[in-house]
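Shown next as structure tokens: one chain only, the form predicted alone.
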Amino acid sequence: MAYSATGPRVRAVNEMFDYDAELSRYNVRLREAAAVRADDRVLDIGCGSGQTTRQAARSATAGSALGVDLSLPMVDRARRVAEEKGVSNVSFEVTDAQEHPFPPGDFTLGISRFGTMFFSDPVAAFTNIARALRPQARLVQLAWQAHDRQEWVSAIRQALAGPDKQITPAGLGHAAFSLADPAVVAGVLAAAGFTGVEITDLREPVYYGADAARALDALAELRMVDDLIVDLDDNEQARAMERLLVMLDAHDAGDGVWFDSRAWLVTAIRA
């Protein structure tokens, strides 16, 4: 169920948020950094609907790419799109990269576009990923910086709270920001068997929809609204949603609704 400023609007059953559109600018940065070679065997962690996996497979013309994700609907879509597009050297698994029994040393490159922040035990997860990589294989990943560096967090919260209310930090310890501290990232990767960790500051806009109404649907689909208005009465909720719609319209750059964001590009070598 999604919301408009005047009430709920039902989304199609098979409709999912378009992460590929949201992260299009970061996708370019990941592809540049990954520099997939023709003979690479690529492991894509948290592959979602498979865009990054398919792109890796197309570059690995004499190799292959495996995408793994916990979401069955996304993996189903990834398989369907790969078949439709005729990408034959790609495969997908619904599994948890933290504990999946990958063949040891099977991959020459690991990549992830914001798919590594959600592990319950990051050291165990990256140790398992390191085990799947060959010695001297690269790991290239993107992870969000802290929530206070994300306009898509601050602008949404401020719009819903209103101009006269203090924004509280409740809910901002979300797993999406678990790799926001570079020292933590470096420590986790070192403990998991990686060396040569390099962390680069990136700043790119993220996309939430073609216009304010569609962006509003996207935020509801992502559950970025409900927890912030659950304690408001009906009139307050209506006013909050009206403010949110106005804010989203103000962020319409003519080619859609965009928000500023910051991420880390993290590269490392499997020892």
Ligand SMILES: C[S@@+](CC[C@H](N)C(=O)[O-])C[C@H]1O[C@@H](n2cnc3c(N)ncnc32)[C@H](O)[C@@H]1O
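Sequential numbering from 1, following the sequence displayed. Everything numeric here is computed off the predicted structure, so don't read it as measured data.
Not pictured, yet referred to below: the form predicted in complex with the ligand.
Have a look at 46-54, 225-233, 239-247, 200-208 and name the one stretch with heavy atoms inside 4.5 Å of the ligand in the model of the complex.
-> Flagged stretch: 46-54.
Can you pick the one in Asp96, Asp106, Asp148, Asp76 that has a heavy atom within 4.5 Å of the ligand in the model of the complex?
-> By the 4.5 Å heavy-atom cutoff, the listed residue in contact is Asp96.
Interface residue in the model of the complex among Phe119, Trp152, Phe92, Phe177, criterion: non-hydrogen atom within 4.5 angstroms of the ligand | Here the answer is residue option Phe119.
Determine whether any heavy atom of Ser71 comes within 4.5 Å of a heavy atom of the ligand in the model of the complex, and answer yes or no.
-> Close contact exists here: in the model of the complex, Ser71 approaches the ligand to within 4.5 Å, heavy atoms only.
Going by a heavy atom distance of 4.5 Å, is Trp258 a contact of the ligand in the model of the complex?
-> Contact check for Trp258: no, nothing within 4.5 Å of the ligand in the model of the complex.
Can any non-hydrogen atom of Gly193 be found within 4.5 angstroms of the ligand in the model of the complex?
-> No, Gly193 is distant from the partner.
Distance check, Asp252 to the ligand in the model of the complex, heavy atom within 4.5 Å = Asp252 lies outside the contact set for the ligand.
Residues from 16-39 in contact with the ligand (non-hydrogen atom within 4.5 Å) in the model of the complex | Heavy-atom contacts to the ligand in the model of the complex: Tyr19, Asp20, Leu23.
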